[in-house]
Structures are given as structure tokens and as C-alpha cells.
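The chain below stands alone, shown as C-alpha cells; this is the form predicted alone.
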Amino acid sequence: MTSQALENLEAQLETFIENIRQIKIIVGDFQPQGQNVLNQKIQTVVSGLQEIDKLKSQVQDVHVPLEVFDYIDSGRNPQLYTKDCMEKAMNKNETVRGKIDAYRRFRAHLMVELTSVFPAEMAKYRAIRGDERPMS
């Protein structure tokens, strides 16, 4: 898939949306003499759908997370999905970083306490682990 294919699809969709908007205006204030214009617009919409259908093979490998559709259904901007995912990832990262730091502090404190209670065993443990630095 190329960016050109996406740009073509985007242009076709924008044209389609504009034609639908124009049909809405025509139908909203329908006059019998406007029937030909309405028929032409409907034919344009059908042609536009055919063009969009032709483009589908070029963009089949695009995978959209289902949550994006939830954003659209709830009236939210789908571009906010990426922002929200990044914020969630950053918050989770901070939480995990805090846990890692807490475990490191706990391990250091545990090693100090174990060394004060079991100095010989802890010396052997540090020798086995290759950690010869004294615990403070």
C-alpha cells in the first residue's frame, strides 16, 4: 500500500461526503424542478461509491483498531485515540518504573538487614553472585 492509494481514497471519500451534503441540501428544500439535479447528484454518489469500491484492493492491508470505531461512534475525534494510547502507555510506564525502583530499594534494604543478621552467609552469597562490594 502506498501513501498515494490512501490519498486517492481520502479524496474520493471527501468528494462522496460533499455530494451527500449537497443531496441533503437539495432534498431539504426540494422543488419539483430540481428533480433532474437530484438525479444527477444521486448518480454522482453511485459513481463515487463505485470508485471507492475500486480503491479497496489498494488499502486492504490497513488495520484499524476497533477502539477507533468506538471513538467515532461516540462522536469523538479518532485522532485522539493515538494520543490517549500514548498517555496510557506513559502512565503505565511511570507505574512500572515506580515498582522497579521500590523493588530495588527493598532489595538493597533487605541485603543490608540480612548482612547485619547473617554476615557469614551473606558473604558467601555475595561471593557466589560475584558481588564483592560491601553492603552499607
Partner chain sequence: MSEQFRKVEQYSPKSSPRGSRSPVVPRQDSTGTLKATISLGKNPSIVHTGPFYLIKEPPTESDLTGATNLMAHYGLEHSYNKSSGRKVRDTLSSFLPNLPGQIDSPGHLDNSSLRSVIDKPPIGGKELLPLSSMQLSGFRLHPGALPEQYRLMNQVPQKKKHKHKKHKHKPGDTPSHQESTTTSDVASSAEKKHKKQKRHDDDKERKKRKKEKKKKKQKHSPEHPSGSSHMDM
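Numbering follows the first chain given and starts at 1. The structure presented is a predicted model; accordingly, all values stated were derived computationally and were not measured. Throughout, rigid core stands for the largest set of C-alpha atoms superposing within 1.5 Å between the two forms.
What follows is about the form predicted together with its partner chain, which we do not show.
**Student:** Quick check on S74: any heavy atom within 4.5 Å of its partner chain in the model of the complex?
**Tutor:** S74: contacts its partner chain in the model of the complex.
**Student:** Hey, in the model of the complex, is A11 touching its partner chain, heavy atoms inside 4.5 Å?
**Tutor:** Looking in the model of the complex, residue contacts with its partner chain do not include A11, since no heavy atom lies within 4.5 Å.
**Student:** Even though the partner isn't displayed, in the model of the complex is V27 close enough to its partner chain, meaning a heavy atom within 4.5 Å?
**Tutor:** Although its partner chain is absent here, V27 would touch it in the model of the complex, with heavy atoms inside 4.5 Å.
**Student:** Considering only heavy atoms, tell me if Q35 and its partner chain come within 4.5 Å of each other in the model of the complex.
**Tutor:** Yes, Q35 lies within 4.5 Å of its partner chain in the model of the complex.
**Student:** Pick from A102, V62, L110, M86: which residue has any heavy atom within 4.5 angstroms of its partner chain in the model of the complex?
**Tutor:** Going through each option in turn, the one that passes is M86.
**Student:** Counting only non-hydrogen atoms and a 4.5 Å cut-off, give the residues of 105 to 129 close to its partner chain in the model of the complex.
**Tutor:** Result: E121, K124, Y125, I128, R129.
**Student:** If we fit on the core, is the Cα of P78 displaced 2 Å or more between the shown form and the other one?
**Tutor:** Shift at P78: below 2 Å after core fit.
**Student:** State yes or no: after fitting on the rigid core, is the Cα displacement of M111 between the shown form and the other one at least 2 Å?
**Tutor:** For M111, whose C-alpha is compared between the shown form and the other one after core superposition, the shift is less than 2 Å.
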